[in-house]
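A lone chain, given as structure tokens: the form predicted alone.
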């Protein structure tokens, strides 16, 4: 088993302290739940000079409700999301995704912020969060900014910035999440599909369909979204679904098998 390389470990109590440590460090690494980073530390040829643990920073915890939406601290664990009555009521697709992530011990450690910041294409939450219109609050020693999840994932990651919260601007969205693995449920997904919309007299409005392909950033299925707009679930021609999926798949790595999976599940939505 690979051994951890030497580094200095820090456990700040505030975001400000964490940012000061990151600014002073030659090669900092921010540690959230640690379920992904620990394997990285064992296998990577490059070793951080300083590992900055975020676990003791209370400002990064908690789920808050407001008129503008729902705010989730970046250090909120997957298990805490699953236990939240507010998240269960407002974002069922997020609950479905969290329930499918790994095992109970991992869900007790893994955090929503760490899942996003890892930038691994096979993690579950980015596709769901993008379908829900989530935004990311990013703090550096000089400024704090709010960016869309898409912009955050597309930008070059900074080693001296802390994601503090995930913002959901809309509440009570209906949605669902489908996850496909090669063998067991706990395996890394080979495909993930996040569907979200508002129900307006049983018809769909503001439809978002995002796919996690494991090979690239989450993919927005724009043609398929248009098909579902102002339509009633369960009354959409499966052949039309497949035609739209084929149009969205051009230039992507969505193969025949993956398209068949997506077409089957989207065609059966009710």
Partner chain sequence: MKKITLEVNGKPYALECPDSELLIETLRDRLGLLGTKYSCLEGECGACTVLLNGENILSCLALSVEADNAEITTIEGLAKGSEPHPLQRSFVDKGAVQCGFCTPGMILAGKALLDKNPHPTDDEIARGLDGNLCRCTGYIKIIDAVRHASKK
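Residue numbers count along the first chain shown, from 1. The model shown is predicted, which means the values in this text are computed figures rather than measured ones.
If you look for the form predicted together with the partner chain, you will not find it shown, but the lines that follow are about it.
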Taking the partner as it appears in the predicted complex, which of 30 to 38, 231 to 239, 63 to 71, 217 to 225 has residues with heavy atoms within 4.5 Å of the partner chain?
-> 30 to 38
Though only this chain appears here, would residue 167 touch the partner chain in the predicted complex if you measure heavy atom gaps against 4.5 Å?
-> no
Would residue 148 show up as a contact with the partner chain in the predicted complex if we use heavy atoms at 4.5 Å?
-> no
Applying a 4.5 Å heavy atom distance criterion, does residue 190 contact the partner chain in the predicted complex?
-> no
Determine whether any heavy atom of residue 135 comes within 4.5 Å of a heavy atom of the partner chain in the predicted complex, and answer yes or no.
-> no
Contact with the partner chain in the predicted complex, heavy atom within 4.5 Å, among 46, 58, 26, 42 goes to 42
The partner chain in the predicted complex has a heavy atom of only one listed residue within 4.5 Å, and of 154, 158, 200, 104 that residue is 104
Between 4 to 24 and the partner chain in the predicted complex, list the residues on our side with a heavy atom within 4.5 Å.
-> 4, 5, 6, 7, 8, 9
